Structure formats: structure tokens, C-alpha cells
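For reference, the chain that follows is the form predicted on its own, supplied as C-alpha cells.
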């Protein structure tokens, strides 16, 4: 029997990180060179490498017998814990009845886009998951390119919003930011919030990386700056290294009582409730404890060490620029200075650059610029610096915390050799491009006939 798939689904493209994963599997099964056996240097996949916190693991085991359906918004114990978590870490007084639990922030953002009418404003570059959802829901949308500092400018937001006819506009704000690793500070958020109040812009603030902010005192939630107009999403995936648990939450705006009923209808219709054992397991992850504080501190410090090394190593390569990360485990590398050499090598798109880096002898996986809602010809790439054994590195850090610059460098070289070697391969790739271009130029010069 031949099945007809809805055109709306046909039009969706597989997310680039999953396409790359398929490509890697096929490449390594086809590659016959002995060096292909080791795998690849993984800068493409944004998954925290650390073990799930012990408290969460033990709570999951303890509650594995919980087979009953949970309440649609989430179990009371979890919503109360999340409320206290936001008060303690982010200084937000959030009533538990404003908190709704869902199967990951990705699904919750999709749910918000379903119920909110209006045109979506998407700053670029962006996480690769937003645009497919917007397109699937057939939402009107406009890109808002960031400035040279890779942040949106309030005046640019104002100019774009004034052109839009919808009564309501929806700004997706990812802070801390994937793929740049940058952080919007309080003043920047206040200036954005002023525009949003003036022009009736609703904000979906994706704050899944909040706890990874290297200097945690600098993180400010948009929900604190603009509480009446902001939906804040967060969860277990990044800060608690529990992406596979699929648990996130959204904080609804102040005084949005009518919206709660509408949102609850959507959640009940689409997935009833999040797995009950998972919800119980998450409770100690959001409760305030010395053990969780230590976990957050150690993991963010390791991310910072890896990020500093990756940033300095990349920018030491002639012509390569990069954002200096303040949070997350990403940075955005800019290879556009090599555009002429890439074009000569018939590498004309960022996707082709990604494919060229993965083949022998480089074996290096990156996420190219077109996956990040940049132009296909923009040779930028997201670099995720998490290719190491998180459990072993966590323990090594506990036993001997590096303090000086030289100690931090040694920590990376000992604990993350694949990051070190992968960055060497990136340098080798662009060095080879430059050499080929110089050799070609010399050949042309030598072939020129100089008249007498």
C-alpha cells in the first residue's frame, strides 16, 4: 500500500545535526583508511558530557513504580521545587501555578508558538530547532540579523516591529545564546524590554543554558526584566546533563490567567502529561542543596576552561575569528576570511565546508552556518567543545582544580585530547587551503610569458 504524507510534513527538513549524524555513520562505514576507525572529532553535537546528578538518578530509581498519570501542568512537588529554584538562583518570585511542565523545552516552545497569534521575530544566527517549528506551524516570521557583536540591537528590533502589521509580535530570545555562547547583560535586556513594551512584543525567552553562565552573577532572566510579557523556558537538558529525560518547564507571564486554561488544553491534547517517574526524579534536581550547587559550579567551570582553550586556539589560526563564550558549551567560528580559497576549492556553501572537514584526513564534525539560519554562503560554524569523557573529567577536576592559565591548558590537553586534536585538524585544513592557493598563484606566475 502506498501512503500519502501530508505536504506540510514533506516540506520539513531533517534537523542538520541529525543529518550530519547520518552522514557520519555512512562515511565511516564507507571509509577504508585505517585512521577512519577511531571515529571523528566531535564539535557538532550540543550535549552535555557529564553524568546525570546522583540525586536525580536515585530519585528515578525510587519512583520507578509511579505508573499513574500526572496532572497536566506537572506534579505539585515539582512545580513547587521549580518555583523555589527560580527564586534562589534567578531572583524571580514565581507562583507554582504559573509553571507548566512539559517533555523538554523544545516541545514547550512549539506549544507556545501554537497558541500565540502573531508574527515571529527570529534573531540570527539561531539555534537550528526554531525555524523548522515556525515553518511547520505556518507562522509568519522575519529574521532579525544581529550586529557585529552578534547581539540584536534594540533600534533594529524597533524598526522591524514597526513594519509588521500583526497586533502581536513574538520575539524568540535565546539567552545565553546558542550558537555564539554570548550573554545578554541586564542593560541590554532592559533596552530590548523597553521596545517590547512600547510595541506590544511578546517574548519567548529560551534560558536552557542559564546555569552554564561562567560568571553566574551576570545572568539575568528576561522574566525578571519584563515579567508581564515574557514566557521563560528552562529544563534539565543542559544544566543537569539530562537531555534524555525530556523534561522542561515554562513560566507564564504575570497576570496571564486566561492563557493558562488555553495552554493547559494544548498540553492535555498533545501529550497528557510528562512521565510521572521522570517528574519525581527531577524534584531533587531543582531543590536547593549543597550537592547541586557543587554540580553546577564544577560543570560550568569545566565548560569555561574548555571554551577558553577552544577560543584561544581557534583565534590563533591566521584569519579565523570567533565569539568569546560567556556561557553554554559553544562558540561561533568565522572562517569567511578563507572564502576565496574555499571557492577555488569548489567549497561554495557552509554545508559543503562541513562535509569537507569530515572526510579523511580531517575527521572533524562541525555545524555549518546555513544550519544556524545564516546565508548558505556564510562560512561560519558552531563549535561545541564537549568531546570528552564527562564523568572522568568531572572527577579529575574535583581532585585537582586548575588555577593558573598554564594549569588550565594542561587540564584540557590531558582531559580532552580529541578537542585538542580536532582544533589541530581545523588548522591543518585551512593551512592546506592557503598552501594550495599559494602554489596555484606561483604556478600562474611561472607560466606567464614576460615580453623582451
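Remember, it's a predicted structure, so these values are computed and weren't measured experimentally. Residue numbers count along the first chain shown, from 1.
The next section is about a form of this same protein that is not shown, the form predicted together with another copy of the chain.
Across the options 265-273, 211-219, 282-290, 152-160, residues that bring heavy atoms within 4.5 Å of another copy of the chain in the model of the complex belong to 265-273. Taking the partner from the other structure, another copy of the chain in the model of the complex has no heavy atom within 4.5 Å of any heavy atom of residue 399.
When contacts are judged by a 4.5 Å heavy atom cut-off, residue 42 does not count as touching another copy of the chain in the model of the complex. At the 4.5 Å threshold, heavy atoms of residue 188 stay clear of another copy of the chain in the model of the complex, well away from it.
Contact check for residue 94: no non-hydrogen atom falls within 4.5 Å of another copy of the chain in the model of the complex. Proximity of 5, 61 and 238 to another copy of the chain in the model of the complex is complete: all three residues have a non-hydrogen atom within 4.5 angstroms.
This chain is drawn without another copy of the chain; in the model of the complex, the residue among 107, 194, 77, 355 with a heavy atom within 4.5 Å of it is 107. Between the options 364, 133, 119, 83, the residue in contact with another copy of the chain in the model of the complex by a heavy atom within 4.5 angstroms is 133. Of the residues in 46-65, those that come within 4.5 Å of another copy of the chain in the model of the complex through at least one heavy atom are, in sequence order, 46, 47, 52, 57, 60, 61, 64, 65.
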